[in-house]
Every structure is written in C-alpha cells, then in structure tokens.
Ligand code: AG3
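Taking the form predicted alone, here's one chain by itself in structure tokens.
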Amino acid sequence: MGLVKKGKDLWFFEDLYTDTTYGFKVAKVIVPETDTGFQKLMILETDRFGRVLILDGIVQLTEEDEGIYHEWIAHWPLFALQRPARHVLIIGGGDCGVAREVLRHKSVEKVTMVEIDRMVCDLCRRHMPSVSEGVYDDPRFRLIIGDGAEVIRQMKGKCDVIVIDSTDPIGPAQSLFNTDFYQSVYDALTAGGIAIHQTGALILQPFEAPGSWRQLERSFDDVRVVQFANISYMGGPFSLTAGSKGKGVFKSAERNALKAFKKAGFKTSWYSPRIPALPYPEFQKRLETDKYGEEVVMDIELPGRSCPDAKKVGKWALRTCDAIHMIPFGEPITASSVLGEGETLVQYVETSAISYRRYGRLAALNCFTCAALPMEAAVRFSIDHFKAQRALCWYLPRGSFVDVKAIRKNTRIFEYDRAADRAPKGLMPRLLDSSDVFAPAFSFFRENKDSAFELIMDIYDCDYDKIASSPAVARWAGSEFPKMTGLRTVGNADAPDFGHAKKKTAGPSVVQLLQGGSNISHYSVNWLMIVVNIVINRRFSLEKTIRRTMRYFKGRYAVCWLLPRGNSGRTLKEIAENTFIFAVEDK
C-alpha cells in the first residue's frame, strides 16, 4: 500500500504480506521513494518511531527500536564464542547498525561489511546518523560495495563471526537464502565460529526459519534459533538462525556469554545474556518437523450415472478448502466444463493444490498441503459431497527427512466408510529396490493394464537456480516432461506467483494438464525440493522419467510411490499389494 492519505494525515502501510498489514502516521517524507538500481528506498519521519528506513515497501528499521534487532544479531554470536572474535564479516547491513554494535567489542580487530547497494549506505549515513554513529570513523571498519555471495568465497577460514543482515529472500537478498551460499559461509568461518542470519517473523513467515534451519543443517555442525520481538517487525516473535563450525559450540553459549558480557564492561539497552531467547516450544516443534507436507489421495465411487461437471467439482474444491481451513488461490484450472474421462480440475490453495479427475465410475481426488492436513475432514467432506458411501485412501507424508523405510511406515492405505467415526489403521505399501521397479519383469503395468495410475516423486537437494525459477519449473512441466514420457499436454503449464510471505505458503506450484490426467508439482526454494504428482491412464517409462527429472533439477535423491488409481472391485489388501514405494539415488 505504501503512503496513503487519510483525511489531512499521511500514513504508511507495509507491503510485505498479501493478506495483512500495519501502518503508522507520517510526519514528513525525508527521502521520497527512490529507485537505487537494486530496490526502492524511502526514509520517513514519524512522531512515534523517529525516522524509518523502508526498502521495497517493507520497514527495515526505526530509530526508536533498531537497537533491539542490532544488539541481538551482533552480541548474541559474539558473546557466545568460546574465544573472543577478531574478524567479523557483515553481509548487508548498509544502515551500519550491526557494525556499530560489533565495534563495541574491543577484541574485534577488523570488521568487513559487504553491501550491494551503495545508496543505502549513503542515504542512511546522511539522514539517520544515530544508527551508524562512529562506524565510518573507526579504522577497524572496511566497507565493500558488492555481492556478499561473491565476496565470501574469497574469505575461507578468515572470519570468527559472520552476520547476514539482509532483507527478506526477495530482490537483491535472494542469493543469500540458499544452500550454496550457506556452504560458503561455513567455509569462511574459523573453527568454533558462528554465523547468524535473520529469518523472519515466526508466525507470519512460518516457513522461512524452518527452511533456513534445514539448509543450515546440511552445512553447519549445529543450528540454533534465537527468538525476540521488535515492534517494527510485524508478527510478534522474530527469528535469527545461527550455525556453528564445530560441534558443541552452542552447548556452552549461555555460559560463555555471561562471562564475556561481564568482562566486556559495556552496557546494552536490549540484549542481555540472562535472556535465553529460546523459541517457544511450538516453534521449536515446527523447526524439527520431519516432513514438507501431507497428502491424502482418494478414489471415490460415484453413485448411479453421475458425471460431475466442472461447476460441481469446483464447488467440491472450494468447500474442501473450508473443510481443511485453507484459502483458495485463483480460479479452478480445467481443460473443459464437461470434465470427461481423465480430464482434470485443479484448485490452488495457499499451500499447494486440490485436484480431481474421473476414470469410469471413480473420482480420483488428491488433496495436498504444506501445512498440517485435517485428513479425516477432507475425506469425510468428499464422501458427503459426491453422495458416496466410502473412499479408498492413501495417506502420504511428503518431503520427509527420514529414510524410505520410515516413510513407508508413515504411509497408510485404508478404506474410509461414511458411517465410520475415524479412519482405520490401514496397510502399508510394498517397499522395493528401484532396480526391481525399473526391471522389464516389473508386474505393475501388466496387472493394471488399461487402468490409471499415479507416479509420485519427492526429489531432494535440487539445484537452487532451477527451484528458484518458476519459468524453469514450468519449462520442465510443459516441455521437458512430455518429451520424457511421450504424454500429450493440454494447454500450457500454469506457474502462478503465490506471493512471498503469503501465510503458510511454503512453495509455489505448477500445473500441466495432460490428455488423460495431469502433472501437478510443488517446489520449495527454502527446502530445495520438488514434489510431483503424475496421474495418468497411459503407460510411460518410470526410470527415464524419474532419472531425467532428477537430472533436470540436479536432485541427489528421490522417494517415489506408485499407486493404482481408478480401480474398482479390488480388496484393500490387493490395492496395498499393488502400491509401491522406492528410493532412487543420483547416478
């Protein structure tokens, strides 16, 4: 929203979130919105907060409370060290608030700050001098104008503490939220060193800290989240995520901080080593979650001769959103209003998608979310909506960070009866080696001749540049995938922008409708993962499709399921015996 006139007064409203905002009254515009070449900068004067720095419509700091953020992100790692820091690297931080706090430590001999946007430094120094007070006159301080992701590669083993004081993972800061960058940060640390990164509001940006946590875990020896609150950062609890080079660094962090703080002999206004700043138990649980999302797959026998059209199925999708407490995104996607044999309808939701297609008398439904899924509510509502008696269901944990045997144990195949109070315990899929699945003698297609099936892929450790690019994912779905499989597309791949920081959105989605089915995928920049659902009634090469998809996204590992879909007359045991799970390693 930006600047808005309310009667005689001028107000500012933040643009970070698509469904919520906060604002304050502006006394004076000090620097009108200015395009720096990297972002849009504005500095405002307010009676309540003093001067306020805004980048791309998002509040970065206010003179009133900037010390809360700058003291915590600087002093927490510096005092946590087992030995005093000598060289500190700051990436971003053009307002110099972090540098100001770091330079209060007498042990620090050198502070290097790498800021990509010179205008941030110049305008903050001129119009908000209290933030950078004394920094530019200190001979220990060195400013480099450049890309932190590039500069850090030249600093292997040189830094005791690295502070990543960036904006959110959009625009010029996007390169600072990926695994390759975090590995460069780890390499730049000395033994026992600590890196710390701002990772957003824990409630309103619920996947930012867990995503960074997961990426840091791949490179660092220990990971810790620091929680505090700052009035200028909407959403209540705010997070910093820290990683250490060496095990056991954080075990002694509180003890080290108490001693070092007392020895330092200076006073702080907001930071104290006696404040543990541990995340609330609920946030810690979210950080340690072992899966990216949840999915329930349903085959429901349609009563009589009913063949629901797109209007009726669209109502099912929208009301399913209500049943599972999700917000629909955009209008339903479908090839036609008739929804004939194998034709698909997809409804995006705020965390992924809900989909439908019909094979004979069976409605083949999928409901996937990147948040907690009220599975029974989704199944019960679907049975009621289509006036059916029961549903054949598969429950799948998606993107689990455990081995394939554990994923199999958490996968359930069950029948849900309309009269039942709850879902039964169910059966598990068959675990096979990928070589057996890819062998010519594999019996799945012989036993499911002329029937629909579903290939599900969770591909891990993908290439950041591919996962971060909606056009690259759409190109895979609309062009590369049809070449791999020989399947014919209907229309173009749809890859909407869900909007950064949209509540509960862990990753965008791509839909490619196919003749006889669909290819629906969801991908996460934070988790470097793509999860794929291909439902189709035509056979294709599993090995070629899985390996080429892994190669396209440079994924290192995949967990796959193979499900028979649209099958009537089979017992639950027969369905379970014909449902497979297997893992595929990168060759």
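No experiment lies behind these values; they were computed from the predicted model shown. In case it trips you up, residue 1 is the first one in the sequence shown, and so on.
The form predicted together with the ligand exists for this protein as well; it is not shown, and the discussion that follows is about that form.
- Out of the listed residues 350, 299, 294, 95, 95 is the one that sits within 4.5 Å of the ligand in the predicted bound form by at least one heavy atom.
- With the partner omitted here, the residue from 382, 132, 205, 215 that has a non-hydrogen atom within 4.5 angstroms of the ligand in the predicted bound form is 205.
- For residue 534, no non-hydrogen atom is located within 4.5 Å of the ligand in the predicted bound form, even though that partner is not displayed.
- Among residues of the shown chain, residue 27 is not one whose heavy atoms approach the ligand to within 4.5 Å in the predicted bound form.
- In the predicted bound form, no heavy atom of residue 11 sits within 4.5 Å of the ligand.
- Although the partner is absent here, residue 59 lies within 4.5 Å of the ligand in the predicted bound form, judged by heavy atoms.
- Look at 60-68, 537-545, 37-45, 554-562: in the predicted bound form, residues with non-hydrogen atoms within 4.5 angstroms of the ligand sit in 60-68.
- With respect to the ligand in the predicted bound form, the three residues 329, 344 and 518 uniformly fall beyond 4.5 angstroms at the level of their nearest heavy atom.
- Between the C-alpha atoms of residue 324 and residue 236, a gap widened by no less than 3 Å is obtained in the predicted bound form, as opposed to the form on display.
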